Ligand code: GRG
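As C-alpha cells, one chain now follows by itself in the form predicted on its own.
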Amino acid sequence: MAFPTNDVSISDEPKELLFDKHVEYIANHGNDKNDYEYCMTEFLRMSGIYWGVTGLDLMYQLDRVNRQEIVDFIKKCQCPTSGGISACEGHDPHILYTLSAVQILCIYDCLEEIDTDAIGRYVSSLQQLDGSFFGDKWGEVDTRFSFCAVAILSLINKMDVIDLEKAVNFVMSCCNSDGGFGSKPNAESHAGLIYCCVGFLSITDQLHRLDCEKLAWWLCERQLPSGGLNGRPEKLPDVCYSWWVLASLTIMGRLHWISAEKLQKFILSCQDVETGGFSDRTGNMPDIFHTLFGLGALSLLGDKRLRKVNPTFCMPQYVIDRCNVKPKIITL
C-alpha cells in the first residue's frame, strides 16, 4: 500500500456480548472508595455515574445500583449560587456535569429533586454574544458545550432561556469544508465533535443545515480494516468512536453506510473476558467510559439483549419518550 493504515490487530474472541460480566463490572464500579482509580477520577465522578447508570439501564439492570444514594449525591453537587452542578462535592459546577446529572435524574424519573429553574439560569448565563457557550465560569468555548446546553434545556423543558438562533449560527460557523465540525471555527474536524454538532442540530430541528452526503462519507472513512472506527484520519480505532460515528450516521439516516458486521466484531473483541467491561482497543484495561459507549454502539447495531438507545442523547429510548423530548432524525 502506498499509504499504510494506522490500525490494530484484533482477536477472534469473544464472539458474543459478555452480558453478565458487564453487569457485574458496572455494578461493582466505585465500590472501593480507596481504590487508586476511584480517587484519581473525582474530577469526573458525575459523568462516571451517568455512564454506569445508563449502561445498566440499557441492560435492564438499573436496580443493581442504589438510586437514593445517587440522587442524594446529585443534590449535594448543585451549586446554591450558580445553579450548576459539579462533578463532585467541593468542585466548581460545569455544563458537562450538569448534563450528566440531568440525564441521570431523567432516567430515574425524578427531575423534581433538583432546582431546574436554577439550572436554566445557569445554562443561560454561559451563552456568549456570538451564540457559543462557556463550559463554566473560566471561559473555555467548545461545541461540546453547545450540545450540552440544548440537551439540558430540552430535557428540563426550558429551551426558551437562550438565544437559539445565535446558538445555531455559532455551531454552523464551526462546519468545515469536509462537512465535519471542530471545537470552534476553523478547528479540525473530529468525530466526537461532529456527534455533538449533529446532536445539537437534531435537538434544535436544524438537520437540514448539514451536507449529509459529504459528512456521512467522511464518517464512513473512519472505519479501518480491523472494523473499528477512529476519530480523525491516521488515528487508531477506539470503541468510543463506535458511538460518536454510529450515532451521527444514525441521526442522518445512514447507519447502513458502514460494515456493521466488522464493527461489531471489533467492539466485542474489546471486552475483558475476566472482569467484564470494555476497553478502547483489544487487550487494554476496561473502563466505565468505554463500557457505556461499547454497549450504546451495540444497541444501535441492533443487539437484542440491550434496550434501544436514543442516538442523540445516549439514553434509553423509553426515557426520552417519557420525557416527551423529540430529537429529529433523517429517514431515507
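Here the structure is a predicted model, which is why all the values come from computation and not from measurement. A residue's number is simply how far along the shown sequence it sits, counting from 1.
Keep in mind the form predicted in complex with geranylgeranyl diphosphate is missing from the figure; the text below concerns it.
Placed here by superposing the C-alphas around the site, geranylgeranyl diphosphate (as posed in the predicted bound form) stays clear of every backbone and C-beta atom by more than 2.4 Å: open pocket. The candidate spot formed by F133, K166 and F170 is out of contact with geranylgeranyl diphosphate in the predicted bound form: none of the three has a heavy atom within 4.5 Å.
The chain is drawn here without geranylgeranyl diphosphate; in the predicted bound form, the stretch among 67-75, 139-147, 108-116, 219-227 whose residues come within 4.5 Å of it by any heavy atom is 139-147. In summary, among the residues G192, G253, G179, P185, the only one with a non-hydrogen atom within 4.5 Å of geranylgeranyl diphosphate in the predicted bound form is G192. Proximity to geranylgeranyl diphosphate in the predicted bound form, defined as a heavy atom within 4.5 Å, singles out one entry of C174, C196, L126, L210, which is C196. Mapping the unseen interface onto this chain, L99 counts among the residues with a heavy atom inside 4.5 Å of geranylgeranyl diphosphate in the predicted bound form. Contact check for S86: no non-hydrogen atom falls within 4.5 Å of geranylgeranyl diphosphate in the predicted bound form. The shortest heavy atom separation between I10 and geranylgeranyl diphosphate in the predicted bound form exceeds 4.5 Å. The shortest heavy atom separation between C314 and geranylgeranyl diphosphate in the predicted bound form is within 4.5 Å. Contact residues in stretch 236-264 (any heavy atom within 4.5 Å of geranylgeranyl diphosphate, taken in the predicted bound form) are C240, Y241, W243, W244.
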